[in-house]
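Below sits a lone chain in structure tokens, taken as the form predicted alone.
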Amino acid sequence: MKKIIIILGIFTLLPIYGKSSEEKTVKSIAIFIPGVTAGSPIYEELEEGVKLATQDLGVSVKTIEGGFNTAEWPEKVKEIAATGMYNLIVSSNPSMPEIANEISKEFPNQKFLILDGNLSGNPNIYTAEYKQYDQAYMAGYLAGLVTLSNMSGANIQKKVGLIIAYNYPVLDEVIIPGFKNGLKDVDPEITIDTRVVGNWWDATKASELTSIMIQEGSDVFLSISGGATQGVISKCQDSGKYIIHFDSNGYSKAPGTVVGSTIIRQKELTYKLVKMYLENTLPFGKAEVFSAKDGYIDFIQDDPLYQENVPEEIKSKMKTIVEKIKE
């Protein structure tokens, strides 16, 4: 009887997910949210993807919110790594790879999986970046079609609005150029009125900026301002103007006001990558890019609210351009 107990005890020491005794048992995963989860579809989907990938596997998952003060994020992530409790820290934000890179110098055994960011060469970090140029281009193309249309909220001015939380490299170097080129390919004379909220949550200020921009001729908007986007939606709804939703399906938030939704499939990609990690196949040290061609960036065309509220001519042109981008 004693011999049987000893054998079982030895087996319990073997790794669950590894093939050799040198591989670490997966005990726990931390999700670091650079902001707050509620009201942010990207972070909600990140959490959903991790939990879906780990369900029924006995892997503990804890979500830790970093809040909106970006200066505090490095210290908060460092505190998570310092506990030694989490084999993997999962996060999503363009600023996170550099934060993780610095922290890994002090905690060389800590692994990071970061979406919506790009950094290669660190054997403890894997990053997955979305080709958001494609996403922004589709939004710009639709904005151009809407502002030139005969839709009831469109005016004679060739002017669209862009509201942002603040400037950051991916926005300035990828998203804004994509949006501009989408507009340009519809009509080079379309101009952009850009306003800055200054944070990711002030819906009141975003609403005030939208009101001013409507008075000055903008009739369709793109908002890259997190929770503050609700202020843009509300003002457009009150004024009979339009908004294109970014990153998630927003048609139901304001039917007839939200006339387009460009999305990144964050939950699906998170699920795939966490599964790869659990199977010891995630290629740490690599930075991979996922595009519309891969299916992780898309423009939602099959939603009944889009079909109902957008003219056939615009839907036809959007279908053509989306297919072209995916090819």
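Position 1 is the first residue in the sequence shown; the rest follow in order. Everything quoted here is computed from the prediction, not taken from an experiment.
Just so you know, the form predicted together with a small molecule exists too; it's not on screen, but the next bit is about it.
Trainee: So which of 162 to 170, 141 to 149, 186 to 194, 212 to 220 is the stretch with heavy atoms within 4.5 Å of the small molecule in the predicted complex?
Mentor: Comparing against the small molecule in the predicted complex, the contact stretch is 162 to 170.
Trainee: Under a 4.5 angstroms heavy atom criterion, identify the one residue in Tyr86, Tyr251, Trp200, Tyr133 near the small molecule in the predicted complex.
Mentor: Result of the distance check: Trp200.
Trainee: Scan Leu269, Ile297, Ile29, Ile42 and let me know which has any heavy atom within 4.5 Å of the small molecule in the predicted complex.
Mentor: The residue in contact is Ile42.
Trainee: Is there a non-hydrogen atom of Phe284 within 4.5 angstroms of a non-hydrogen atom of the small molecule in the predicted complex?
Mentor: Judged by the heavy-atom cut-off of 4.5 Å, Phe284 is well away from the small molecule in the predicted complex.
Trainee: In the predicted complex, is there a heavy atom of the small molecule that lies within 4.5 Å of any heavy atom of Gly231, even though the partner is absent here?
Mentor: Close contact is absent here: in the predicted complex, Gly231 is far from the small molecule, nothing within 4.5 Å, heavy atoms only.
Trainee: Taking heavy atoms only, is Ile224 within 4.5 angstroms of the small molecule in the predicted complex?
Mentor: Yes, contact at 4.5 Å.
Trainee: I'd like to check something about Glu129: if you look in the predicted complex, is any of its heavy atoms closer than or equal to 4.5 Å to a heavy atom of the small molecule?
Mentor: No, Glu129 stays farther than 4.5 Å from the small molecule in the predicted complex.
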